[in-house]
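As a starting point, one isolated chain is supplied in structure tokens, in the form predicted alone.
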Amino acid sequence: MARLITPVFFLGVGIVYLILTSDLTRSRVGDPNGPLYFPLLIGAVLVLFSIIYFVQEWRQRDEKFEELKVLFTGRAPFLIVSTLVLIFVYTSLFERIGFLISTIIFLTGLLFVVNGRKPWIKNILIAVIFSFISWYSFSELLNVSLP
């Protein structure tokens, strides 16, 4: 039954996401439900794919399932915990120091965790270039204000 954990988890996330979508603020201009359409679509697709995934895994429930053990061997636990810590730090810093600096710090840390210290120039360059391209694309090309 371990193979059903992932589809049940994502099905739960999709349902909670759909419920929380109903609390979004309605638009005062144009279609009042306009801000709801895309989040509802994302939630519905997540629920649909989770159900399909669940059915696929249910059909294979009698076969041997070893994928869950991979999460607890080798570097996987370190990568998972480090990524979660970096995401927590990123979300904590995002409003305080802004998108650009916090994204550079997050990506640099993540690349050092994944790639190690040896390609440090490459890690820093990728983090800086990606962050600047993202910032420029949103701020200048799409006129989306970022913190």
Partner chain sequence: MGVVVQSFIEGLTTALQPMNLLWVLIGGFLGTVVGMLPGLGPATAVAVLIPITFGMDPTSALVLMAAIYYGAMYGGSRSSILLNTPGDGSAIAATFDGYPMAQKGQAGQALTISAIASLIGGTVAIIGFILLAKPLASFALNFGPAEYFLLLVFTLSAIVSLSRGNMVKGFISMSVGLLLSTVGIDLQTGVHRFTFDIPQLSEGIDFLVVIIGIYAVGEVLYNLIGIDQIKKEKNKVGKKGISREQWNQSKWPILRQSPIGFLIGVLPGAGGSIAAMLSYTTEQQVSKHPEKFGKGAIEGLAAPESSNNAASVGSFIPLLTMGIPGSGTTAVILGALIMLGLQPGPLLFENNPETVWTLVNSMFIGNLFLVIINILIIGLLVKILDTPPKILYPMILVLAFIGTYTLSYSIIDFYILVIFGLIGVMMKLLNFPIAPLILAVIVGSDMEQNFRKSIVSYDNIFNVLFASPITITLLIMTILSICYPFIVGWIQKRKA
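A quick note: this is a predicted structure, and the numbers were derived from the prediction, not measured. Residue numbers count along the first chain shown, from 1.
The same protein also exists as the form predicted together with its partner chain; that form is not shown, yet it is the one meant from here on.
Heavy atoms within 4.5 Å of its partner chain in the model of the complex: does I121 have any?
Contact check for I121: no, nothing within 4.5 Å of its partner chain in the model of the complex.
Spell out, yes or no, whether the shortest heavy atom distance between L111 and its partner chain in the model of the complex is within 4.5 Å.
Yes.
May I ask you to state whether M1 is within 4.5 Å of its partner chain in the model of the complex, using heavy atom distances?
Outside the cut-off, so no.
Taking heavy atoms and a 4.5 Å cut-off, does I101 contact its partner chain in the model of the complex?
I101: no contact with its partner chain in the model of the complex.
Taking only heavy atoms into account, state which residues of 44-64 are within 4.5 Å of its partner chain in the model of the complex, ordered by sequence.
Going through 44-64 in order - heavy atoms within 4.5 Å of its partner chain in the model of the complex - the hits are V45, L46, F49, S50, I52, Y53, Q56.
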